[in-house]
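Provided below as structure tokens are two forms of one protein chain, presented individually as structure 1 and structure 2.
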Structure 1
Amino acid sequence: MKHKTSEMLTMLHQEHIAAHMKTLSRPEQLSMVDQVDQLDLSVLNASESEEKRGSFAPLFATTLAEIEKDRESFTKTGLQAIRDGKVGAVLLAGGQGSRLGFDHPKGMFNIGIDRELYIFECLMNNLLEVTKAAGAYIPLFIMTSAENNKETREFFEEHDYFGYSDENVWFFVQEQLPTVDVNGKLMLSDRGRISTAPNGNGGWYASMAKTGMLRIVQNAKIEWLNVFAVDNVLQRIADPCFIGAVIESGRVSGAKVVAKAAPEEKVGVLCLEDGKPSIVEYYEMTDEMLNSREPDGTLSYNYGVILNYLFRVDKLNSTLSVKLPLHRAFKKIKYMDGNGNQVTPDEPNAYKFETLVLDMVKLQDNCLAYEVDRKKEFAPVKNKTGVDSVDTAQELLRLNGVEL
């Protein structure tokens, strides 16, 4: 083993990895040294820094009623932008879906009952509705992870891109960061590898830059990117009305939001922080903020984000050099124990490090909060059962006339 690697691991209090490496064969050692050389080990020093928050104020949304009044004009503007090739879409599909506990990319989950209906298929069906209305394809960039890229690509191939044009789909792989156990120690995923996990959904634009996707964006003269999560099966992608509303508002970004079901609902709320758009998490809100109401009775902090954003590309470029805050997430992470056994934990056991797309909102000068009806556009599949689960998503799909 390279002496330097061992020294560095010791310096970072990871002696157990240095010791483990000594038990490996020469080729295994070299491969692990190579992995260590490429890992961003600075996360090991990153203590969960309490982010100092600024001063919050409500950010009012363009409401459903207001949107309805201007629907025609917004839709026309949005469709024109799509026809002009100014809009691209980015599907964030690099997550591990550990809460769902499905051993494949989450998009491969079959949400159908009497027929097969995959999550990816739901999304592509929704996107196809827009391409039909616009008479033009929307370039779709799919972010995967080192773990799920191959399977995701193959799945799309096998299903003929669910009727979409494969020439308009690009896959790119996000980066990985090491994971640590509750004592801050690196873990092994198998004998010859240190455990890593995808670096969160905030890295999407940086990963697009790194993997050459931005060249495609630039060449195609795409001006707007609609970023969305894989797990909302009612997600409207490249929604012309939303795009048109953001363009007509003159703002540089937009976020789809839903009115909170109750003051204490556990969602991140779009608001202003020191005058900039920002998302405040429910646990960061004081009771006063949670319960504050406007003269018309609506909650002052009323609009929860659903991970569907529209960003202007030139503004995204100027944020590339900004380091997003790193969050630690306590998750179920498979690992190899000291006896060489593979362990699949039933409960969260370790931390992964993530940057989050919601932190990119703060880097925008302004953001249009665009209200959508949660019954029509928000059916996240996060858990096996209970809240935001397969059951609730199936119910909402049915409510929207989707045959299961």
Structure 2
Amino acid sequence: MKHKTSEMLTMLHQEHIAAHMKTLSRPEQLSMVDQVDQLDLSVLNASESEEKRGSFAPLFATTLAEIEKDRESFTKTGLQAIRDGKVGAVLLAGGQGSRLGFDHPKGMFNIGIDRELYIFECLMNNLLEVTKAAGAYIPLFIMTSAENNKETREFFEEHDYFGYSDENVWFFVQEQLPTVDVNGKLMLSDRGRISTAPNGNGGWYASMAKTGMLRIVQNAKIEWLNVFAVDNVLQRIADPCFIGAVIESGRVSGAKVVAKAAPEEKVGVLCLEDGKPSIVEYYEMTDEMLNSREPDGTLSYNYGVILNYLFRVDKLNSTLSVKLPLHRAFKKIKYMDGNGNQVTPDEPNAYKFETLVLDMVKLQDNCLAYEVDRKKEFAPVKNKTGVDSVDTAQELLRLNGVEL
């Protein structure tokens, strides 16, 4: 084992890993040294301090009625940008379907009843509607994780990309960060590997840079990227009206939002913080913010984000030099114990470190809040039953004329 690796681990109070490495064979040692060299171990010194928030103010959206009034103009502008090759899309698909009782990539989950209809298929069908209207394919970048990359790629190949052009689809793997136990100690996933987990949805652009995807963006002269989450089966992707509205507004970013169902609804709300676009989480809002209303009776902090953003590429490039805040998430993480046994915990046992795409919004100069009808564009599949579940998504798909 390289002496400097052992010394560095000891300095980081990870002597147990240094000691474990001495028990490995030479090839195993070299493999683990290589892994350690590539990991960002600075997270071990990162404690999630209370983020000091600035001064909040409401950010009002372009409403459904206002959008309807200018729909023709917005759509024309958006379709032209797509035809000119200025728009790309980024699907965040690194997650597993564990909360659905499905031990595969979440996008592979079959949400159909009388026929097979996969989450990935719903999204690709939505994207195909736009490509048909524009008469042009939209470059699609799919972010996977180390855990689900192979299975995701194979699934798309088996299903012929659901009718999309495989020449316009690129897969890239999200960066991983080490996980730590409750005492801040690195864990082993098996004898020769340190346990890692995907670095959260905020890492998508940095991961595109590291995997060479930004060279494709640059070579294709893509100016706008629409980033969206895998689990919303009604997600409109590269929506020409949304793209056109952002372009015509002169703003450098846009966010699709839904009007809150109730003041206490548990959604992050798009707002202004010290004059810049930001997102305030429901648990950060004071009672005054929760219940404040405008003269017309609408909530002042009324618009919840649905993880569908449009960013201007030149502005995204300037965020690459910024280290996004790390958020710690307490999760159930499989590991190998000191006796070499694989342990699958029943309860959360360790922390993973995540960056969040909402922190990228804060780095933008401005942002167009673009209201959408939640019954038409917001059907997240987060739980097996109950709120935001398979059942509620199926109901909304039916409502929108999708055969299940």
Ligand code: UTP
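The term rigid core refers to the most C-alpha atoms you can superpose between the two forms while keeping them within 1.5 Å. Quick caveat, the model's predicted, so the values are computed rather than measured. Here, a residue number simply tells you its place in the sequence of structure 1, counted from 1.
- The form predicted on its own is structure 2, not structure 1.
- Comparing the forms between structures 1 and 2, the C-alpha position of P263 differs by less than 2 angstroms, with the core used for superposition.
- Relative to the superposed rigid core, the position of the CA of L100 differs between structures 1 and 2 by 2 Å or more.
- Once you line up the core between structures 1 and 2, the Cα of R193 ends up 2 Å or more from where it was.
- Aligning the rigid core leaves the CA of T344 displaced by 3.4 Å between structures 1 and 2.
- Once the two forms are overlaid on the core, M21 shows a Cα shift of 4.6 Å between structures 1 and 2.
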